[in-house]
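Single chain ahead, written as structure tokens, the form predicted alone.
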Amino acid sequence: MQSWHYDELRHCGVDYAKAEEAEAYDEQHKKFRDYEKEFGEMMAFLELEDAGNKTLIDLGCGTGATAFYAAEVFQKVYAVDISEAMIAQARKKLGAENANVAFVQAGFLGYEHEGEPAALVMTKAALHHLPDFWKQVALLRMNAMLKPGGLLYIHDVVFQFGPREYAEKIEAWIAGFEKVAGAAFRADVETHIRDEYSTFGWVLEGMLEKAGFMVEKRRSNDGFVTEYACRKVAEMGTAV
């Protein structure tokens, strides 16, 4: 790796390389998330048919919340995360019986896909760990992992409001999390906004176009958490 290359092992925000943070992750998120419902809603949103003969690459798989359900639907699942602690939690969750799941400790910029091109590459609550320049590089690499016409699914904090509205919108959003998940989680969300790299929708959508994707669908209920269904429409070559 070149000396100027971004180091994904250098955490930003909450340090999920720590075992205690990885162990606490699901308990915190269960206060306001239903993982099974989220998976069903994702599949409906993507309108992905015949997943039983398809490959999924889950980049930033975390504790395996998606991989757990995807293992029952997809022919092959690659569960990828930069954090050894998060991968360990995912292994515990899925157990040894899910032979169609391959766990890989790697990041967006280091993962080398050795299987057949995927029908679906997804990243959920993880892309914001990269600054925008490196998001663009990561998107180019995702393009190379997909078969022609394949899908990219992004679920992340992506700002859909006007830049001048940021202070009021962000404070209200953080306060909402405090109501359902408590003061400790409010601190985590504040850390996300202050130290991590969520970006505006118009910025991300420009990067997607430059990476050879067409946004087919976008939805956001709160102007923050946003889902994108993107179709690979151009081959962009190999990105390092």
Ligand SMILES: C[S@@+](CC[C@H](N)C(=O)[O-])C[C@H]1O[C@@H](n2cnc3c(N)ncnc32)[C@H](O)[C@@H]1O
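From 1 onward, residues are counted along the sequence shown. What you see is a predicted model; the values in this text were computed from it and never measured.
FYI, the form predicted in complex with the named molecule isn't displayed, but the following is about it.
Scanning L204, A65, M42, V189 against the named molecule in the model of the complex with a 4.5 Å heavy atom cut-off leaves one residue, A65.
This chain appears without its partner; in the model of the complex, the one residue of L130, A118, V158, V101 with a heavy atom within 4.5 Å of the named molecule is L130. The named molecule in the model of the complex comes within 4.5 Å of a heavy atom belonging to C61. Using a 4.5 Å cutoff between non-hydrogen atoms, M86 counts as a contact of the named molecule in the model of the complex. By the criterion of a heavy atom within 4.5 Å, K210 is excluded from the residues contacting the named molecule in the model of the complex. Though the partner is left out of this view, R141 does not reach within 4.5 Å of the named molecule in the model of the complex, counting heavy atoms only. For the named molecule in the model of the complex, the listed stretch (143-151, 121-129, 160-168, 68-76) containing residues with heavy atoms inside 4.5 Å is 121-129. In the model of the complex, no residue of 152-175 lies within 4.5 Å of the named molecule by any heavy atom.
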